[in-house]
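The chain below stands alone and is given as C-alpha cells, in the form predicted alone.
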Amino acid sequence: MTVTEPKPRYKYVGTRPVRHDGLEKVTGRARFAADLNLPGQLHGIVVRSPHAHARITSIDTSEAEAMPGVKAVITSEDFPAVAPGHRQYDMCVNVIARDKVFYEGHALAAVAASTRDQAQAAAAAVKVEYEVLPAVLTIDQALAPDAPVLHAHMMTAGANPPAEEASNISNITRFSSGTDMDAGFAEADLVMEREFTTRPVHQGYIEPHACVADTGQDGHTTIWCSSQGHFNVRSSTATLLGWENTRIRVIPAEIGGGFGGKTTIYLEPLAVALSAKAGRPVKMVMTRDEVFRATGPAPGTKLRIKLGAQSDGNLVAGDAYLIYTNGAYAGPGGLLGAMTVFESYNIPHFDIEALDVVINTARSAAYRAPAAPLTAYAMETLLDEVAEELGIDAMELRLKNAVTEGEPSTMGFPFARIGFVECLEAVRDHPHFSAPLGPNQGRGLAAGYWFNIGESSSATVNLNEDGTATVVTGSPDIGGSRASMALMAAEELGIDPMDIRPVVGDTEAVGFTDITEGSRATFATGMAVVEACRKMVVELRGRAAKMMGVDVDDVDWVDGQAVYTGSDSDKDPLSVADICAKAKRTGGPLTATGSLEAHGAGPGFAVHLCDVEVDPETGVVRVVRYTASQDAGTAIHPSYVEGQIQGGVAQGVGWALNEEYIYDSDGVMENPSFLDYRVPVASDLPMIDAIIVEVPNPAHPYGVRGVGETGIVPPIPAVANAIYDATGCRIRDLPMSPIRVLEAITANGGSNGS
C-alpha cells in the first residue's frame, strides 16, 4: 500500500523489476568472502582471551610456530605501536590487544597454517599468561565510586568542568532548548517520569565475518571481504599496519547481512599481516561463537525520561537522562540517543544529558538506527502513559504534538518537508486501527525517527557499443541498492533498467565512497549516479548533434532519444544504441562520472501498529497482526522499501521479546549461538502490512529519503504498548521475555488490562 503526495510521473522510478543480482543469490552462485579459495591459500585462526579483563604478562608462540603446517604467527608486536591519543586508537587495540584484554574474545594473536585444523591446534598451543583484573559488566558497576577504571587515559569528553581524572565515562552529550526547565514543568498539568533498562543485542546477520588477503612480494596486498564499506576497510587496515592506502586494494564480496555490524573491521589486518609473513594468501572466517563474543552488538542502556503535559495534551517539557554502554571502548550511543529521543515531537522546553560508559564486553557497533530504538522504547511507552492519564487517545496525542515542516529539531535546525503526520494518518485510517481484538489480545501504537546521512559517494556510467549501460558505484549492496541505481539511471538515460548492469566496484575501480550506513546509499550514491547520467545526457546530445550536423542547442533528450527541435523536421530521433554504434566516429567511448558530498538527507519517520496475544499462564507473547507506515520520500523500488520496513519490524520484534546477551559473573557470554540467542523465525511473525508514505525529500533529484534505519525504531515500544493493552502490565526492562511478562502479570494480580 502506498500513500503519496502529487509528484512527477516517472517511467521507471517506482516500478518493481526483478533485482539484477537475484538469480545468482537464489541459485547459490553469488560469491561471498568465505567462498573464495586461492592457490596456496593458508587458513588463519585468532587466539582470543578467555577473560573479560586482564593484563597480558607474556605471550609465548614458540610451540605454535614449530607445529606441523604452521607458516606464520603474529601478535601485537607485528604491528606499529599506537598511542592512546591516536584518532583510531580504539579500533587498533580492538583488532589486536596490546597490554590488556578488555573482553572475553578479545584477539591477542593469530596463526596461519596449511589447514584449518592445523591452525586451530597451533592457536591452542599459544601460551598466554594473564594477570586477571576485576571485570566491570554493568552500568551501575562502571559508575560506582570505587569502580576499576578500564582505560587510564580516558578523560570524559564533554565534562563540565573538564575531567581531571580518568573514569569509565567516555563522553557526555548535552542538548537543551535553552529555557528554564523548572518553568517548563510548571506549565504542565501532568508530570510523569519513568526508568527503563535494556541489554546488548546482536544484529543477527547470517554470514559471519570473513576475508581473504594476498600480500605480494612487492608489498601490496589485495583483500576480498564482506563489508558495508570497502574503502573504510582499506583505510582502517592501512592505519593499523602503518601502510599507505595505495598498498591495499579491497574487492567487495557479496554481503550476507550487515545491519550496521559490518561497518568496522576485525580480521582484515590480521589476514594481511599473516599473509605478508607467510608469503601466501590467508583466509580467515569467524565461527558463530566468535561473531557473538568478539564483534559489536548494539549497546545496553539505562534510560530515565520525564515528560510534562497540559490537560489538553500539549507536551510542554521533557527531561532525559540516557546512559549507553558501548562495550570496552568509547562509542557514539549517547550522542545518537540524545539526537533522537525527543525529535518526533514539538517540546518547547527540553533538557537532555547522555553518557557513554565503557564496560568489559565487546565493543559496540552500529545496528540499524543506532541508539534510536532504545530511546523510542522509553519515550513512546511513556507517551502512552501520559495519554492514558490525560484520557486522550494515543494517536491523537501524537498527532497533536508531531513535528512538522519549519519546526526546530533537537539540534536547532528547522525541519524541511517531512511526512510524520502523513504516517500517523495512514495508520489511523488503516482498517487495522479499528479492527476488533480477541481474548488476551492488545494493540500498541508507536512512532520512530531517524535522521539519515549523506556523506561522500562516487559513480561511473559507461555506455556499451550496443546502447546498454554499466553503472559502477562504491556502495556495497545490502538492501537492493543495485536495483535502485539502475532505476535512477534508467530514468535519466531513458533506457530499460534491465539493459543496465549495476556493479559495485573495488577501491581501484571507482571513486571514494563512504560506508553503506545511515540509510545513505540510495540517497547519496543515487545522487552521484544521477549526476553522472546527466553529464552523459549532455555528451549524448553533443554526439547526436554531430551525427545530425546541427547545433547542440537544437537537440533535446526525450525518453531515451536525441530529438532535433529545429525547423528541419526530417531528421529522425537517435536512440542511445544509435549514438553508441557511431561513438568511435564522434569522439570515442561514452563514459561519465559523478562524485559528491551529499547534503540534505531527509529525516525518516515511521508509525507502527502491533497486535499481540499474551498467554496469561506462561507469559508467552505472540504477535498476531502488524501494520507499519513509513515515509520513503519516493520509493525508487517499492518492493525493496517494503522489504526494509518488514525487516526492521522482524528485528525489532526479536529485540523486544527475546534477544539479549547473557554474561556470567566473570563476563563470559553464556548464549553465543543461534540455539541460545533467540532471533525470530518466520513462524514467529504474521504477515506485515507495509504502508509506503511518499512525501518527497526536496534535497534529492527524485525525492529519496533513506528507509533502512527507521523501520527498526518503533517495534519495541509498539510491542510494549500492546502487551500493556493485553495485560495491564508496563514492562520497562528488555527483553519482554515470557519470564518477565509472567512475573509482571503475577505481580499485577493476574489481571487483564484489555
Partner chain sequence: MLSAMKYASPTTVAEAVDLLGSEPDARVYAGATDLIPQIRAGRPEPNVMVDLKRIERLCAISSSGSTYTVGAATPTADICAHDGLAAAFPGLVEASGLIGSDQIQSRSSWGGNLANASPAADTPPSLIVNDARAVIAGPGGERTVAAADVATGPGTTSLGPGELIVEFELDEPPARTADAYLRLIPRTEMDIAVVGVAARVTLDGDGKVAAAAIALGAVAPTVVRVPDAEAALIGNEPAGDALAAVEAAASAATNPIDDKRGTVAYRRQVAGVLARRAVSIAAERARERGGQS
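What you see is a predicted model, and the numbers here were worked out from it, not measured in a lab. Numbering follows the first chain given and starts at 1.
Quick note: we don't show the form predicted together with its partner chain, though the next part is all about it.
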Glu455, heavy atom within 4.5 angstroms of its partner chain in the predicted bound form: no
Interface membership of Arg678, its partner chain in the predicted bound form, 4.5 Å heavy atom rule: yes
Partner contact for Ala744 in the predicted bound form: its partner chain, 4.5 angstroms, heavy atom: no
Gln120 within 4.5 Å of its partner chain in the predicted bound form, heavy atoms: yes
Selected contact from Val552, Val191, Leu399, Val620, since only one has a non-hydrogen atom within 4.5 angstroms of its partner chain in the predicted bound form: Val620
Partner-contacting position among Asn658, Thr173, Thr295, Asn232 - heavy atom within 4.5 Å of its partner chain in the predicted bound form: Asn658
Full three-residue contact with its partner chain in the predicted bound form, heavy atom 4.5 Å, for Ala72, Glu77 and Phe79: no
Its partner chain in the predicted bound form: contacting segment from 349-357, 402-410, 667-675, 260-268, heavy atom within 4.5 Å: 667-675
In the predicted bound form: members of 726-742 within 4.5 Å of its partner chain, any heavy atom: Pro738, Ile739, Leu742
